[in-house]
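The chain below stands alone and is given in structure tokens; this is the form predicted on its own.
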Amino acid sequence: MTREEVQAKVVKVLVDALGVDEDEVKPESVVRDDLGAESIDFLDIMFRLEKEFGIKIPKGEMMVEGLATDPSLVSNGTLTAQGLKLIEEKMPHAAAELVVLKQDPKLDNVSKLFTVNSITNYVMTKLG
């Protein structure tokens, strides 16, 4: 499957899960900020991706979990160097988006890693 085919299916999943228009979904669209996803929507999106692509998304693989509760990873709402390193290691599919997080490592900015592009990258790695 080509990257374009994968991205088209990712867009379809996001349109269906979030009720947005297809023309709103761009490669750089941030799923939360631009497409209006809420916490519960991420579970639905992951379920739909599994179904659409016939893949399994293990807990914590697509997005790092437990950041906010670990003081070695987050201090005063900002990612520590260890937190940034963990995200970088666990989320190579979001390498391009990590540039923004490194410039402003607030915990709230972690959601900016979830773009159409990073989700497409993740699915591509799962498909091999």
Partner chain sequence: MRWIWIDKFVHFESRTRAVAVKNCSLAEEHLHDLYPAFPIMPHSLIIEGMAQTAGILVGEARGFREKVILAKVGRATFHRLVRPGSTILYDAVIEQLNDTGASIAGQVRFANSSKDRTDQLMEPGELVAEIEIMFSHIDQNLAGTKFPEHNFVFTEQFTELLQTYRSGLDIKL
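Positions refer to the first chain, counted from 1. The model shown is predicted, which means the values in this text are computed figures rather than measured ones.
Just so it is clear, the following notes concern the form predicted in complex with its partner chain, a form of the same protein that is not shown.
Contact between residue 33 and its partner chain in the model of the complex is not found at the 4.5 Å heavy atom cutoff. Residue contact check for residue 85: none of its heavy atoms lie within 4.5 Å of its partner chain in the model of the complex. Taking the partner from the other structure, its partner chain in the model of the complex has a heavy atom within 4.5 Å of a heavy atom of residue 46. In the model of the complex, at least one heavy atom of residue 40 sits within 4.5 Å of a heavy atom of its partner chain. Residue-level contacts in the model of the complex: of 72, 76, 103, 69, one residue has a heavy atom within 4.5 Å of its partner chain, and it is 69. Stretch-level contact analysis of 61-69, 92-100, 23-31, 77-85 against its partner chain in the model of the complex, using heavy atoms and a 4.5 Å limit, identifies 61-69.
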